[in-house]
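As structure tokens, one chain now follows by itself in the form predicted on its own.
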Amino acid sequence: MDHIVATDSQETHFFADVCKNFDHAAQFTKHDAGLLDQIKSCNSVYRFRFPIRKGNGFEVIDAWRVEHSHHQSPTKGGIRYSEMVNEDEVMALAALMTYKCAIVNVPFGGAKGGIKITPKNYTVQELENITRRYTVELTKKNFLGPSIDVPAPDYGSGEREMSWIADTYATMNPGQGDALGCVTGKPIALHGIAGRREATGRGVAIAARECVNIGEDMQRLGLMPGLAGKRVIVQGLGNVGYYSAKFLAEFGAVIVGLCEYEGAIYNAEGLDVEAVFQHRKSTGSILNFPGAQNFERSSEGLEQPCDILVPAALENQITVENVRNLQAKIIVEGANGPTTPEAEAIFYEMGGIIVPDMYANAGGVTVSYFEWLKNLSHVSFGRMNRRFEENSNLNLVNMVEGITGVALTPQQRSTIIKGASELELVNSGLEDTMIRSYHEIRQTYVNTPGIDTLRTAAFVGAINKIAVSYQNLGVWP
């Protein structure tokens, strides 16, 4: 499992890497050193252990919840279920959530959770027991609630686990009308929101599209503007990787390579993402897909010819050891922290561009924000105005047809008259957020002397916004 296993040396460097990026960006701001230290530091780190019954005995589970910043409430961040989880990683991911929310103008502080288990080694009942006990521990310590701290799915967790969290919290807080707002990423039936499952991948695809749409930047890379025909390699075929590849293909890109822990496949003519997904489902591996070249070492797949590389697995995948072997000119980070700072510096020296994780994968938290708003307002998006819009549009169409004497076809009428569904409103809000945020980051990159990467520009923007929040709270003069 070469592409998703962190080494011992990496396990304690992730938060340091985030802080290194922060410190580099901080020099381009004019904020007080004490305020910068406050923004950078984790406010609350809660580590705890609890026993569960497993088989005929018991097992003690290690777990964490880190609230990085309280400049906005609630804090927000996913819960990772992985044997590789450690305190340093959870702190780093919580910090990235703070900056990510600021970059896309979502009013949350950053948080993250982790449970040190390999989910496939447990029965569904055992996973439910672990999740519910984790929820109880967080609730007891006031680390969970719709106005306190709102988790979401992450690596190894999904809608099922979020529903267990919501139910447990609601049971412990009878009569709390907003209880279901304590967690996002829930199933639709439990007041989740349309589009949440694919939101992160859709956001990654939009981020890539915005990057390649800027002619000036593409000219420097020797590429034509636009996604059409761009060759893309995606690492990871989980939720983020699958939807990133799916939407990039829909936007006109050609998916030439896919990498998973069992290996990688490559076809210069393009791969059918859905067909590969079904092949893996039936065989247990992406290898031996018809027409594709196999690579038994997943890392080899990253080094094949392409224009855009999307690492959508775990952190520290692109390092000084392999960055010079990459043939991509653009890296769009679907995962959190997939590129080490040293490797990033080398990639820019090679003439490339990296679209940073804390912007590129912010689609998930953006739509989680929409879900949280839906839960607090207790009404689905579009429910109040969809029919009104359709009736207004119908009246307008009838008026135009009456004045012009030209009748529209049934298809034209239905297209014009149609009111927006919840999914369409969510996707519209996500697209607008990703587009605005990219150009905001790029303007900082272009207009601030000395800023050398889009990541630094993103950090500068985040630091400035968080500093304003602290000042508005009266916490800092």
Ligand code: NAD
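The first residue of the shown sequence is 1; numbering continues from there. Quantities reported herein were computed from a predicted structural model and do not represent experimental measurements.
Omitted from view is the form predicted together with this ligand, to which the following refers.
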From I115, A312, L271, I308: within 4.5 Å of this ligand in the predicted complex by heavy atoms is A312
In the predicted complex, the residue from R231, K246, R280, R133 with a non-hydrogen atom within 4.5 Å of this ligand is R280
Discussion item. With the partner left out here, check for me: in the predicted complex, does some heavy atom of R196 sit within 4.5 Å of this ligand?
Written reply: yes
Subject >> Contact of G334 with this ligand in the predicted complex (heavy atom, 4.5 Å) >> reply: yes
Contact flag, P146 vs this ligand in the predicted complex, heavy atom cut 4.5 Å:
no
Answer with yes or no whether Y155 is in contact with this ligand in the predicted complex, where contact means some heavy atom within 4.5 Å. yes
For this ligand in the predicted complex, the stretch among 384 to 392, 103 to 111, 238 to 246, 171 to 179 with residues bearing a heavy atom within 4.5 Å is 238 to 246
